[in-house]
Structure formats: structure tokens, C-alpha cells
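Starting off, we have a lone chain in the form predicted alone, written out as C-alpha cells.
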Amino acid sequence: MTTATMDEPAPGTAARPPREPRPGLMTSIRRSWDRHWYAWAMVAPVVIVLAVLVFYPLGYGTYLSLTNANETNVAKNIGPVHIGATYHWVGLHNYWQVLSGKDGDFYPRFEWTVVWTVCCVAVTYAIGLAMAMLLNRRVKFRLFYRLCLILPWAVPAFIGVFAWRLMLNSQYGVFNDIITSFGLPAQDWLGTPLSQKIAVIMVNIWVGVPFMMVALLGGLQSIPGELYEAAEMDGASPLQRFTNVTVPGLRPVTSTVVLLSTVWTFNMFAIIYLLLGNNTTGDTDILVTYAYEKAFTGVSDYSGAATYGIVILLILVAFSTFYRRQLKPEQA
């Protein structure tokens, strides 16, 4: 008796057609283009812009962080004379210098960056939630109040920061005019590291509260009113209604706005640089402003600044990943 091979059909069954070979990558791309050319054409401008403004600078910055490039060894033109680049590859040496603490600058700036971010996000969220809950009530002139509270968000950041810088000026500022009118001595609001830290946190909160308020107000309006009515009928106090209805109902919005606010605040260059300028001892520098100083002050250290940039990116990616994973069990 002979046994049938694997390719032979069983008795009484139809023969299977032979499988077509899997198309290659270029063939798949060509077929996709023929079928969805309109979608490719619509996506192409976005891809080009991202490649030019994001992917290329990120790739070049990563490359610089693996070299010892600085102002003295990069290619330059002095009049008609062209001097070629002399920097070379150093691998992970820059990252080791930063993360091991040998440069002596990373961990003090990182510690202040964390404090700055936590303070700004926590206070901004608290004030934004309080204002959102007030504006969620039926009060007169509610639209007018909303427009007034959104104003700091509508004003360009550099205009708002310069207005605060003028108000905090030790000679002509509004705050000193107010306290001197009560017989108190004028203060140098931006003269010491502590006062500078308080000032930048205060201004950043002023800039960030409108966004937080609008986002949380939308979240409050999406919570069904029947839940509050049922809780009130069960005898729940206002605090119990807040903790058992409002907080769980705002959790999806809260998770998003806290993550966005953390990323923005961690990288908030404009507030600190525009408010303080060069009038700082370095104690108020967060990681991103210190990276800027390494790249554009003194003898420019391009590799060091690029290393700080990549480290900042890795820190935020790690935080975002951990944050989202921690929230998944709560949202399930």
C-alpha cells in the first residue's frame, strides 16, 4: 500500500490551487500607491514637514551627542578661508560624563527641574479645577468670566512674560509701587535665586491655568447630571459628591492634561529665559535652559548641549511610558 504525499489531495476532495508567491516590498508599495494615491498625496506634506523639522534635527543632534564637537573644532569660514571640522567620534563618553555626575551640573539642574515641574503642574491643576468648577455653575456673566480667564492663554507668551518682568522691576515695577505706598521698603523681586524661582513658578502658573481650566471645564460638562442627583438623593455631602462623582468622572481628562502639562513645563524655556535673561546665577536654570547656555554662551559646546537634549527626551519618554502604564489599571 502506498501513502499519499502531503501535496496530494485526499480522495474525494477538490485539489487546492497553488499558493501565489508573496509580493515583494516594492510591489506592495506600488499596489498601495495605485489604490490609495490620494491618501499618500494628502499625507506627504505632513511627512515632509516632520522629516525636516523633527526627524532630521533629532538625528543630527543624536550624532553630535556622540562626538566632541564644539565651537573650536567645527567647520567654519574665516573670510575667504575655509577651516574643516576636526571633531571626532567619542561614543557614549558625553552621556557617561552627564549621568555619572562628573560634569557637576546635571543633577542640581535635574533636581530643580523636577521641583519646578511638580510645583507648577500641581498648583496649575488645583487652580484650574477650582475655576472650572466655579464656571460650571449657573452664574451671571459666566461667558464674560470665561473670556477674562482665558486671556492669559490668548496673549502671546513673550508679551505676558515681559509684562510680568516690568511689574517685578525693582525700580519701576507695580509691586514695589504698591508696597512702598504702605510704607514698606522696595524689594528686588528678581535679585536672589529664591525670589527668581518663586517668580518663574508664579508666571508659569499664570500662563498655564487657562488651558487647565478649559480642559477640566469640558470634562466637568461631560459628567452626567443624573449622577449628582442620585448622589444627592442618597444623602451624599458636597465633599462626597466631589470625591465619588467628580474625581472619577474627570479621570480621563486629568490623565491627559497632567501628562501634557508635565511635558510642556519640563521643557518650558521661554518663561525662564524671557523673565530672567542673563540676570541669573544659574540656580534657576532647568535642563533645557542649561542646554541652551551650553550651546550659545561662551565657547559653544554643541556635543554637550545635544547630549542634554537627548537625555531630556529620554527622561520624558520614560516618564510618559511609566505614567500611561500606571493609568491603564485605573481606566480598565
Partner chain sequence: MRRGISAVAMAAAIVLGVTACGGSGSDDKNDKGSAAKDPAAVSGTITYWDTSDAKNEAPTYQALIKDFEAKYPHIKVNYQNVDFTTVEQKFKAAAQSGKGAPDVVRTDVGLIPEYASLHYIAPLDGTTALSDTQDFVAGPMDTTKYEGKTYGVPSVTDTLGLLYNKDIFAKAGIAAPPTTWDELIADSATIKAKVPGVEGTYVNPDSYFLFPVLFGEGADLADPAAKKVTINSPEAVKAVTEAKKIYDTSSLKVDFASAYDNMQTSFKTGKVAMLVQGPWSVGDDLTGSAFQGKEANLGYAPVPAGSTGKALAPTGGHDLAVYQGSGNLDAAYLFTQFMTSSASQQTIALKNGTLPTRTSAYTAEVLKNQTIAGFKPIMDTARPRVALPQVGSLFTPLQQEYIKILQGKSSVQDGLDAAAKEFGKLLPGYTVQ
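As the structure is a prediction and not an experimental result, all values here were calculated from the model. Positions refer to the first chain, counted from 1.
There is another form of this protein, the form predicted in complex with its partner chain, and it is not shown here; the text below is about that form.
A residue is said to contact a partner when one of its heavy atoms sits within 4.5 Å of a partner heavy atom; D234 fails this definition for its partner chain in the predicted complex, lying far away. The closest non-hydrogen atom of K76 lies within 4.5 Å of its partner chain in the predicted complex. Within 4.5 Å of any heavy atom of its partner chain in the predicted complex lies no heavy atom of W264. Although the partner is absent here, L53 sits close enough that one of its heavy atoms falls within 4.5 Å of its partner chain in the predicted complex. Not one of A130, P210 and T254 places a heavy atom within 4.5 Å of its partner chain in the predicted complex. Of the residues T86, T192, Q221, T243, just one reaches its partner chain in the predicted complex with a heavy atom at 4.5 Å or closer; this is T192.
Taking D177, E111, E229, D188 one by one, only a single residue has any non-hydrogen atom within 4.5 Å of its partner chain in the predicted complex, and it is D188. Judged by heavy atoms within 4.5 Å of its partner chain in the predicted complex, the contact stretch among the candidates 26 to 34, 303 to 311, 39 to 47, 272 to 280 is 272 to 280. Using a 4.5 Å cut-off on any heavy atom, none of the residues of 202 to 236 reaches its partner chain in the predicted complex.
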